[in-house]
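What follows is one chain in structure tokens, specifically the form predicted alone.
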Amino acid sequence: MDEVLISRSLFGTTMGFHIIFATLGVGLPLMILTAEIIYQRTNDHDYAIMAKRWTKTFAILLGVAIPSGTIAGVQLSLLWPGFMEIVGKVIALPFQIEIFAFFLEALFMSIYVYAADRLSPWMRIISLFFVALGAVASAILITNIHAWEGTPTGFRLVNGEVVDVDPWAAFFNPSFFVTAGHVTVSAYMTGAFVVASVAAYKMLKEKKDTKVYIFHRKALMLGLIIGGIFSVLTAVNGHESAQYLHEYQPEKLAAAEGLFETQSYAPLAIGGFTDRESREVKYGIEIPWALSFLAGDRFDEVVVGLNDFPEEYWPPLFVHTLFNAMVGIGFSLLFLSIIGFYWRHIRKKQFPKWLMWAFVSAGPLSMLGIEFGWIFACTGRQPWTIYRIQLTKDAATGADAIGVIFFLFIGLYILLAIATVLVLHFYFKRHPLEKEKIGTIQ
């Protein structure tokens, strides 16, 4: 493996690990806030207990998100010095503002954790609101660097020198709002389905209609409803993202759909795999005209194919599979949410075992969707680090022994993952739900 590939593998592994905790760090605060609001409106103590226990989980996950995020920041400087040289001059602003977003989150998290019993109902809600606001602001600000990589603005590169820097133009780059929306709604969707997944698993281990079973059923339905709402919003945002790619990164959209020939009335390819030799999607299902409509809200929209670009600038063609997996998971989760609501509130029947196991799968599936989405977003920009300005090979370090560091960090992430699972397991084993005052109305 060459140094560029090792550097990409190391940083990709770091982000793949960190994104789990970062996503839940955005998604869980919304669930905690929602449970707290329901408790204040209904006096159903079960929702107060949900908020309390989910807050403990959030605090534990935050303890891993912070060091893994710090590692990612350090690796940016060590592995990609050419990239950071431009970033430091053009778009350091989001990194600087993110410090204040994290401060906001940590401050009000401390207030809620240590003083919740002494706060008025409105102050409890306000504290959680600022926790959720700080969490999502941190995610948006950091993700904005990625958005800028795809649509770099706010500077010019003349003879290798950065000139005419406008930090705010770089900050509000053309893909800022689309990317910010996507990271927000997808994180909220994932947090909700992870809660639903855990609740469904707990229900499978309990006898029906006990207090513990009913408690987890409330958590399950809350997760399914919020997850379903944000699944719809994620799909809407996905349509906007496709239009953004059509305008700003056409070869990425073409690779996502395995489209080689520029054409109007372009079909949407579902499934299959992209074959470079025959330049077609094999074993896929084509929906006529759908890609043109997705890209431009009209069936005769001309979508640019890969053949219009030099082959050395094509993204890896396996991004078609990643894109399909991400979209397929999103629609599967939306379907689960709909069927769960229908079964519980319209049919008014107990969930069958097969459906409960489907709910259990929702959490892992949503996290896989996040992973596939981020790999697609970053890999689909290749071979560029900064789109059409800086190639990845020009941004990478020339240092040796990165392979050794790669395996050391893999060992560290395995250790952190095991530690996180053990801490969660033993904390909730020592603080079982049965000791809480579940099933009470205050």
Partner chain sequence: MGDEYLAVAMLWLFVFIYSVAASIDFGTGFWSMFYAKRRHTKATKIANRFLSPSWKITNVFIVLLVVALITFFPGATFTLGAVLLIPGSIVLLLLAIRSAFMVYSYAASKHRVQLSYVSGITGILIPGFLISVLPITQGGFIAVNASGEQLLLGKLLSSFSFYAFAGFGIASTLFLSSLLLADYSRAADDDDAYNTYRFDAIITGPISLLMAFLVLLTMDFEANWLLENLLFYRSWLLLSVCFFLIGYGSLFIKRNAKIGMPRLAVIAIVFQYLFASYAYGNAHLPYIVYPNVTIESGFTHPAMFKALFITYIVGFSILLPGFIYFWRLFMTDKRYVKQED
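For the two forms, the rigid core is made up of the largest set of C-alpha atoms that agree within 1.5 Å on superposition. As the structure is a computational prediction, the values presented were derived from the model and not from experiment. Positions refer to the first chain, counted from 1.
One more form of this protein, predicted together with the partner chain, exists but is not displayed; see below.
Though the partner chain is absent from this view, in the predicted complex it lies within 4.5 Å of a heavy atom of just one residue from Trp289, Phe273, Phe95, Phe129, which is Phe95. Of the residues Leu33, Ala377, Ala48, Ile402, just one reaches the partner chain in the predicted complex with a heavy atom at 4.5 Å or closer; this is Ile402.
The partner chain in the predicted complex is not approached by Ala199, whose heavy atoms all lie more than 4.5 angstroms from it.
Contact between Arg118 and the partner chain in the predicted complex is found at the 4.5 Å heavy atom cutoff. The closest non-hydrogen atom of Pro67 lies within 4.5 Å of the partner chain in the predicted complex. In the predicted complex, the partner chain sits beyond 4.5 Å of every heavy atom of Phe335. Contact check at 4.5 Å (heavy atoms) against the partner chain in the predicted complex: none of Leu157, Val194 and Glu371 pass. You can rule out all but one of 106 to 114, 254 to 262, 312 to 320, 348 to 356: in the predicted complex, only 106 to 114 has residues with a heavy atom within 4.5 Å of the partner chain. In the core-superposed comparison between this form and the one not shown, Ser120 has its Cα shifted by at least 2 Å.
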